[in-house]
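Encoded as structure tokens, the following chain is the form predicted alone, with no partner shown.
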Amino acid sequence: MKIKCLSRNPDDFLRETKRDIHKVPRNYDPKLHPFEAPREYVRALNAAKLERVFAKPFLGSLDGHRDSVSVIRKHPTSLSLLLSGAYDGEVRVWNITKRNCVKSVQAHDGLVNGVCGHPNGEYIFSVGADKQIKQWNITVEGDIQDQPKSTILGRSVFQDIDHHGKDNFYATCGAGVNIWDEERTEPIRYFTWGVDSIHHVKFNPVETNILGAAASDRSILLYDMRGSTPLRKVILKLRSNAISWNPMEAFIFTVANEDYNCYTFDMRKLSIPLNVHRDHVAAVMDLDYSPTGKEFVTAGYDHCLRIFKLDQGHSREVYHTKRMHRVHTVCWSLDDKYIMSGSEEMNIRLWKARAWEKLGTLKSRESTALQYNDKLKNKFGNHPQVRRILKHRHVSKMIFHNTREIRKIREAAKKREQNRMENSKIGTVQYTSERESHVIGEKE
């Protein structure tokens, strides 16, 4: 004879502590919950409102520079250290956790054009308007010696510097692109392609022998450090100010352009960009990718920062303050939580990468609730009320009016093109897409 016994797991109905809430059994049968979708919609609406209520991105500023900040860079091994250079030739090391300056040195006579760190974190390099490359010893705490370890005098002004991701090589740019060995005083490679000046250079963090550069003749150039000639270049309508490689996808890079846009390219096909990112109302001066490779932040001449998703054409976030002037440089922290920006009024500002995110340690119930709210916002994000709340941003009066003016200009240009096609012989005027219209040509 078979006897069925009732068995219960105490973990299903007992509390862990007396202060914990009672566990209530729940039946997930959809027939018993006919109003589940309306209930979730209300929760999504409340989650969207709370996101905007708690959106306070500004954390603090690092004061101390006596002239405009020209460049800021992350320390390659430390999350708490930040490198910066100014227009008066001063290089500073900052402790972001304590929000103070660890060390400052008068590195160059004139503008500091570039700063970078060795991958092991033991050295930093700087270049300036005095045609010098200087190597500095730096400790774990961020202390720099008053005198550089080595100094190299170049033939022309160095506009930027970047270090190889693994080996003891670094690249500088100016009249051309030079590849240097740390143990030599002469470059081991020299690249040029008929341009008078190259103002930005960047190594690929994945394919470490590939580097990209932005030139003053409106071109973007790609080099292979192992070769003797440049690989290829693409020419845009206006000059590009900066280039940044995606840290997770080796072939993807994004450039910041003078025409208020950013362009994402695949280095295997430069004839057409993958995406055009536009929302700025002035030139884009600098940009940097997040460690996840899904987003990047841009610094604008229009006194604001914008955060873009890689696959979207419009920004998801805009940061600005009443006192912030033109933003020259920006970087995203290695822990994907903070953004640092350097602007014209001598300040370095610290921002949250997600404006509504709660900092510090979260309890398990808190993290579960936040994840649930994120899923609800994604699920109901296209509903009119939820979308209006999530996309609404307060901007300055200057940005608001300029955005409206640029929208009118683009609509008028689109209308002219449409009229030209309608009043021309069939086939004489070809339609040009938005992505193709900004590229003049590709050369190999």
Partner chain sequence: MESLLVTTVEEDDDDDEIQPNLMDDESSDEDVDDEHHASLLSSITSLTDQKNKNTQQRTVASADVSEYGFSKLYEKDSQVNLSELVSSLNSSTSAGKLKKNIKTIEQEKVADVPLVKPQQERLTRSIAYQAKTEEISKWQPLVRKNRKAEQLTFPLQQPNLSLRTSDEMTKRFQARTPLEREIAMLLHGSDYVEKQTKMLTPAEERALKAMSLEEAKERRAELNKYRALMTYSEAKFRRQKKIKSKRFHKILRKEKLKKEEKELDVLQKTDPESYLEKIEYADRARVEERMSLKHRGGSKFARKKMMYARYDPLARQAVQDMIEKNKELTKKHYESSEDDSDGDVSMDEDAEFRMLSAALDTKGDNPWMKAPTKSSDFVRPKKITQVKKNTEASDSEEEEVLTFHPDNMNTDKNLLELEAQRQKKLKLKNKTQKVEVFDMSNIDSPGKEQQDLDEDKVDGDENDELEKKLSESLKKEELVTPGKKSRKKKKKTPKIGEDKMADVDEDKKDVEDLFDILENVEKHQAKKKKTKKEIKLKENSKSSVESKKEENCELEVNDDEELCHSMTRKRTMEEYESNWVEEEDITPAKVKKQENSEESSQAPNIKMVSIDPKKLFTIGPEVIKSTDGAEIVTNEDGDNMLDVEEEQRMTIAQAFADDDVIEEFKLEKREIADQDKPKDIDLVLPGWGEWGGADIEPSRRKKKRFTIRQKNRAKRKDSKMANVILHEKKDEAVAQHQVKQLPRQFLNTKQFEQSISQPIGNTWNPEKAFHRMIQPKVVTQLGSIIKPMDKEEMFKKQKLDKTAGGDFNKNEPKKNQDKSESRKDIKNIKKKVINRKRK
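Positions refer to the first chain, counted from 1. Note that this is a predicted model, so its numbers are computed, not measured. Definition used throughout: the rigid core is the maximal C-alpha set that superposes within 1.5 Å between two forms.
Omitted from view is the form predicted in complex with its partner chain, to which the following refers.
May I ask you to check whether G427 falls inside a 4.5 Å heavy atom distance of its partner chain in the predicted bound form?
The answer is no: G427 has no heavy atom within 4.5 Å of its partner chain.
Within a 4.5 Å heavy atom cut-off, is S78 in contact with its partner chain in the predicted bound form?
Judged by the heavy-atom cut-off of 4.5 Å, S78 is in contact with its partner chain in the predicted bound form.
Given that its partner chain is not shown alongside this chain, does Y372 nevertheless sit within 4.5 Å of it in the predicted bound form, heavy atom to heavy atom?
Contact check for Y372: yes, within 4.5 Å of its partner chain in the predicted bound form.
Partner proximity in the predicted bound form: P205 to its partner chain, non-hydrogen atom cutoff 4.5 Å:
Yes, P205 sits close enough to its partner chain in the predicted bound form that at least one of its heavy atoms falls within 4.5 Å.
Could you tell me which one of I188, I272, M248, I235 places a heavy atom within 4.5 Å of its partner chain in the predicted bound form?
None of the others qualify; the residue that does is M248.
Single option in H33, R404, R416, R410 placed near its partner chain in the predicted bound form, where near means a heavy atom within 4.5 Å
Contact check passes for H33.
Its partner chain isn't shown here, but in the predicted bound form, which of 260-268, 314-322, 176-184, 212-220 has heavy atoms within 4.5 Å of it?
Correct option: 260-268.
Using a 4.5 Å cut-off on heavy atoms, what residues in 362-387 are near its partner chain in the predicted bound form?
The stretch touches the partner through T368, Q371, Y372, K375, L376, K379, F380, N382, H383, P384, Q385.
Please check if L14 moves between the shown form and the other one, taking a CA shift of 2 Å or more relative to the superposed core as movement.
Yes, its C-alpha moves 2 Å or more.
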